[in-house]
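Single chain ahead, written as structure tokens, the form predicted on its own.
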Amino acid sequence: MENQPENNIDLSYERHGKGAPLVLIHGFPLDLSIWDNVVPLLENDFDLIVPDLRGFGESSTVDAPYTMLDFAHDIAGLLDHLGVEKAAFAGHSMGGYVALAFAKEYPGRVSGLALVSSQAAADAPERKAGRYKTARDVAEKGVDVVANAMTPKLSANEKVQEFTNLLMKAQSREGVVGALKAMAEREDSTSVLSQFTFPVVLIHGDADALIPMDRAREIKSILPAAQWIRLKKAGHMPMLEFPEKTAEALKLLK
């Protein structure tokens, strides 16, 4: 685990393996440890760069509003520090939003993109309002509000539920609130998908209770060349539920 100041953020990250660079970006409200079961399966194929997003894990945050593009700028700064000009990106859930923001801002630095249990669409108005309400609840009552509500929706696997519940409760109140507001304000990325010239892989469980598999189907309709990996009986956490299948799908980015 290393820390590197990026854009006034002390960004924590791990680096493993050898090969072409692949950035693994965790979802909300989690940290880089969700990739722990996948990293050993990929480190012979990729130079894995695994950050904690600002406000999560061991990374710091700022007491001011920020956006998905700010998350992306953090990652760009980390890559600059590591001397990595171009990489593939795999983003889980909110991490997919960050990866999409990066791809829009720095298309020349992207060699491939995997969206894991994610989507390109922005929030509908009611969903946006719900995020702000949740942010107020977390600010007042703590992170347990989100952790307990999300746990059964992340996976039907009891071990995954136990792991993710503890992981979510370990996150900072400031990071969770900041990310909720950033997700609420994120731009719709659907219109830029057709501009992507790099390989795209869609990894989605058919039992995802948070982001339905229809979101992957919508992206596939815009990007017919995208490779769509449907994971049977997987929920929102395929890297924990089916790490081997998730790793094999990510190898399509080689």
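Residue numbers here begin at 1 and follow the sequence given. Note that the structure is predicted; figures quoted are calculated from it, not measured.
There is another form of this protein, the form predicted together with a small molecule, and it is not shown here; the text below is about that form.
With the partner removed from view, the residue among A182, A103, M94, L115 that has a non-hydrogen atom within 4.5 Å of the small molecule in the predicted complex turns out to be M94. Residue L210 is the only one of I219, L32, M213, L210 with a heavy atom lying within 4.5 Å of the small molecule in the predicted complex.
Heavy atoms within 4.5 Å of the small molecule in the predicted complex are found in one stretch of 170-178, 107-115, 81-89, 125-133, which is 125-133. Against the small molecule in the predicted complex, the set F28, Q119 and H236 is in full contact: each member has a heavy atom within 4.5 Å.
Taking non-hydrogen atoms only, V138 never approaches the small molecule to within 4.5 angstroms in the predicted complex. Taking the partner from elsewhere, M150 is found to have a heavy atom lying within 4.5 Å of the small molecule in the predicted complex.
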